[in-house]
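Here you get one chain, nothing else, as C-alpha cells; it is the form predicted on its own.
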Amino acid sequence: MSVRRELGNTDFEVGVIGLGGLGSATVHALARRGVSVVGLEQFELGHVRGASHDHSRIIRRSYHTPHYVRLTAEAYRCWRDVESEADRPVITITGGLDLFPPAAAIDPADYRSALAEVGVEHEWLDGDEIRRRWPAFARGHLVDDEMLAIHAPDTGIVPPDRATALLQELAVANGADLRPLTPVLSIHPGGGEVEVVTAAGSVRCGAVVVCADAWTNRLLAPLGHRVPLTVTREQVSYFPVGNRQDLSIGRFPVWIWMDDPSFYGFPMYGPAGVVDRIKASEDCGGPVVDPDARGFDPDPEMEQRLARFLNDLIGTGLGAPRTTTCLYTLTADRDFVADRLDDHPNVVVGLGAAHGFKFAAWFGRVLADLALGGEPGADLAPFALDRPGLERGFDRSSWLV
C-alpha cells in the first residue's frame, strides 16, 4: 500500500540514486505508476564497476529460510510482469542443484525445511542419481556416493546486463528521466523534500531512494547514518569447453557447492564470445576493497583455485578462462536492506547484500512503495535498518547462504 506524494514545488516526486539492478527496477516501478522520477548514476549506464553487469545471475526458489523462499515467488512473479510488459524473455529456466558434500558447512536441513514449509517443488537426490541425470558430474570425482543434493526445477538464469538495460528502457518509455555520468555529491533532507546535490547542479525531490550499493555510506554518513558493510572484490571466470554438449542448457544445471569455500556455476549460456563457455565463481572469496581504489585485473590464485575445483567437479578438458571482476557489498548477516531512515522518512535505502539481483524486480516495487509513503509490512521487518543482525560483527560463515 502506498500513498502518492505530491509534486509541490519540487522538481520530481522521487529521485533514485544509483542505476544498477535495484535502482533501475525502482525507477521503472515508479515511472510505471505515473510518478515523476529522476534516476541519477555516477557512471555510464551499464558500467562494470559495480555488481549489475555481466551476462548471468542465478534465480532460484531454494533458500535457507521460509521468508526468503516466499520472497522468491514474488521475484519470479515480478520478473514475469517485466517480461509481459516488454514482450521479451528475461528468465531462462535450467533447473538447479544445491550440492551438499558430507559434513557441508551449509546445513541442508535449513533448505529442505524451508522449501517444505512453503510447499515448493524439489527433490532430494543422491550421488548416483545426480551422475545419471547430468553425466558431466560423472567425469569428476566430487559427486561421489556420499553426495546429496536438492534439485529445484524452477532454478534458472537472469541476465543482469540485459535485464538492467530493459528496466531502464521501460522506465524511460513510461516517462522517467535517467541521468548517467551524474555523480551525487550529497543529499539534504528537510522541509518535506530532499535536495540532491550533483556535479551538474541540484535537484529537489519529494523523496529519495539510495541504491548506491558500495557507495551507500558516502551519502548516509553526513546525515549521521551508517550501514555496517563490507565490500569485497570478486571475480567470475568463463572456461571454454569445446563441444562438451553435456554442459549445455537442458543437459547441465545451474549448481551451487554448499560448503566452505562455496562455488557456483552455470551451463553454457550468453552472447557470442561466451556462449561456448561455462561460467563459474567462488562466492565471497575475494579481498576487502575500497570501491574507488580497487583493481580490475584477475587474481591468479583465485582463478587457479576455481579451475582446480571445476576439474574435480566435472573432469579435465577445460581451457584457459576469461575472467572479469565485480563488487560484493555485504551486510554482516547477508540479509537485504529495504527501509527508511528513522529521522528522515523520505530517504529510503535499498541494498541487495550480494544476492539481490534475482529479486531486483521485486525490490523495485518495494522501494517505490516506501518512497511513496507506504507501510513496510511484515515482509520487510528482517531488512530493517535497526535489526540486531546488522550490528553483530562480521563473520565470514554468516555469508554462506
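Residues carry their position along the shown sequence, with the first being 1. Keep in mind it's a predicted model, so treat the numbers as computed, not measured.
If you look for the form predicted in complex with a small molecule, you will not find it shown, but the lines that follow are about it.
Just one of Asp161, Glu234, Asp299, Asp154 comes within 4.5 Å of the small molecule in the model of the complex, counting any heavy atom, and that one is Glu234. Of the residues Tyr238, Tyr328, Trp134, Trp257, just one reaches the small molecule in the model of the complex with a heavy atom at 4.5 Å or closer; this is Tyr328. Contact with the small molecule, judged by heavy atoms within 4.5 Å in the model of the complex, is confined among 370 to 378, 27 to 35, 53 to 61, 337 to 345 to 53 to 61. In the model of the complex, at least one heavy atom of Asp213 sits within 4.5 Å of a heavy atom of the small molecule. None of the heavy atoms of Arg365 is located within 4.5 Å of the small molecule in the model of the complex. Proximity of Val184 to the small molecule in the model of the complex falls within the 4.5 Å heavy atom cutoff.
Although the partner is absent here, Arg70 lies well away from the small molecule in the model of the complex, with no heavy atom inside 4.5 Å.
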